[in-house]
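Taking the form predicted on its own, here's one chain by itself in structure tokens.
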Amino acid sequence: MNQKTFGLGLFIFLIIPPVANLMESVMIIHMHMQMPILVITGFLMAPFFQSKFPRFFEKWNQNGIPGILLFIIVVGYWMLPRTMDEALELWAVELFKFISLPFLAGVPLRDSWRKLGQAGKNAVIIFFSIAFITMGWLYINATMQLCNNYLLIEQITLGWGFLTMGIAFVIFLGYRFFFNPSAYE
């Protein structure tokens, strides 16, 4: 089984209503498991689109910056508390989630990441480190529910998940700064 087939199979599995409902029933699983896996499905299916539309990717995403900006915008949109609520309440927003994360975030990420230089990759990781730490602080310290469909304790748990991810990114950047990974290859 190749990556494209596995990505498509995983995508189909994730959109099955019982699976989607189960993953959306717990806030941290919705944000830190379902959404990243949807991005990964697009990442895995990207070679199919790159082989079918090579000129589009060469023209549209020549240096990787437009694709990374699209990735950042889509992922940033889905980090907002309101969008999580709307994905649970409105079928059109949930459909947009299942389209945007794989195809507007995962595919451009795969196409862009190899085209970016090390400084560009570090800038993306720094951006998400700051965003995750900020969102973690927001979810932990908010005195009221930010998402109407989830309990306050789930919101705090998600905040700690964001904070942990942000700290992990900072540790990774520190490792990249202080150690030369090519010396260990």
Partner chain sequence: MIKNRHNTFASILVILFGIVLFYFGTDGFQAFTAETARVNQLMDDKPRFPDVTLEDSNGRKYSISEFKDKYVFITFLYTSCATVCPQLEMNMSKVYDLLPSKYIGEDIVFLSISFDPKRDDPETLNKYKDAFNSDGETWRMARIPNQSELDSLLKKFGVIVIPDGNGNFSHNSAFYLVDKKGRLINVMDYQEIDEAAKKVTNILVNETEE
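These figures come from a predicted structure and were not determined experimentally. Numbering follows the first chain given and starts at 1.
One more form of this protein exists, namely the form predicted together with the partner chain; it is left out here, but the text below deals with it.
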60, 81 and 149: each with a heavy atom within 4.5 Å of the partner chain in the model of the complex?
yes
Note: exactly one of 69, 142, 116, 123 sits with a heavy atom within 4.5 Å of the partner chain in the model of the complex, namely 69
Contact label in the model of the complex: residue 98 to the partner chain, heavy atom within 4.5 Å:
no
Taking any heavy atom pair closer than or equal to 4.5 Å as contact, tell me whether residue 85 reaches the partner chain in the model of the complex.
yes
With the partner left out here, check for me: in the model of the complex, does some heavy atom of residue 104 sit within 4.5 Å of the partner chain?
yes
Do residue 130 and the partner chain share at least one heavy atom pair within 4.5 Å in the model of the complex?
no
